[in-house]
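Only one chain is given next, in structure tokens, and it is the form predicted on its own.
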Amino acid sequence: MTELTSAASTAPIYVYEKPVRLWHSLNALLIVVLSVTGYLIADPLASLKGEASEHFLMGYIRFVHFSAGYLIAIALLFRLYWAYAGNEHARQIFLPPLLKAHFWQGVFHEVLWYLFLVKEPRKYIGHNPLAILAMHFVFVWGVLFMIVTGFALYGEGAGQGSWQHTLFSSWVLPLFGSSQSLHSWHHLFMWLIICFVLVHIYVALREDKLSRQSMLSTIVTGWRTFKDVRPVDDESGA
């Protein structure tokens, strides 16, 4: 985590590598698909006219949902690999420096900044401390929870003997007590991730305008640009 202080203009800095940007874009698409199809699975559409054998609408919706679930799981596995193979910014949201006092000081300052209680933001080449904290505990663990519970629910339908049932349903279902309880938690976490995405978009737009550093263009091009700042390494590392 590299902090910047006001002093002089600096050249653009390459932050997010292509695999990270691709993962971000793919997640954005898959979360929309999973949320829409998941909502329709929980609250199915009204019956269509004609013979049931002539329609397979909910079947297609479930197929899209399951396919997107597989893709987001595969993408997370690849992203975990890139957290090891990529640059320091690729691993920030997976390995937050929770034991470093400077990190928590940064979190507290960002909270004050977002509440409009301080006038000047701190600038970071990668994610700021509060963003790292939120992405780690809400997004990374939230998506992992959705993947595990999703495969457990899928394994219930696939039946005993399937790898989904063996690896997930066999222990996740007893942990939650019942299939209905697991469905409810899976649905609840969907709304948690949706709320996180909405806040994430708001914060990105806000920072792009108020903090005098690029946000939206950075996740597209990988390059961070600043106004009236120069880079200095802080003591927190990571």
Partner chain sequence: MTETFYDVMRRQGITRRSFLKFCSLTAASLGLAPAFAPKIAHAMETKPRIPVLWLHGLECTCCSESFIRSGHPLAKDVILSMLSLDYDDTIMAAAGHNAEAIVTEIVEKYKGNYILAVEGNPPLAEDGMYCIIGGKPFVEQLKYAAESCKAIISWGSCASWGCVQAAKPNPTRATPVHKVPGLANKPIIKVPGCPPIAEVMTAVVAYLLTFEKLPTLDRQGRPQMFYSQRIHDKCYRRPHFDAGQFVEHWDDEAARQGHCLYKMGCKGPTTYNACSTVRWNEGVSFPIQSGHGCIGCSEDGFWDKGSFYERLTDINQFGIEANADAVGGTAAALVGAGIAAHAGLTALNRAKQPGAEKQ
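Residue numbers count along the first chain shown, from 1. The shown structure was predicted, so the numbers you read here are calculated from the model rather than taken from an experiment.
There is also a form predicted in complex with the partner chain; it is not shown, and the following applies to it.
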{"item": "Interface membership of Phe56, the partner chain in the model of the complex, 4.5 Å heavy atom rule", "value": "yes"}
{"item": "Non-hydrogen atom contact Ser67 with the partner chain in the model of the complex at 4.5 angstroms", "value": "no"}
{"item": "Proximity of Tyr114 to the partner chain in the model of the complex, heavy atoms at 4.5 Å", "value": "yes"}
{"item": "Contact of Val33 with the partner chain in the model of the complex (heavy atom, 4.5 Å)", "value": "no"}
{"item": "Option from 84 to 92, 116 to 124, 135 to 143, 67 to 75 whose residues, in the model of the complex, bring a heavy atom within 4.5 Å of the partner chain", "value": "116 to 124"}
{"item": "Those residues of 156 to 187 which, in the model of the complex, come within 4.5 Å of the partner chain by heavy atom", "value": "Glu156, Gly157, Gln160, Ser170, Trp171, Leu173, Pro174, Gly177, Ser178, Ser179, Gln180, Ser181, His183, Ser184, His187"}
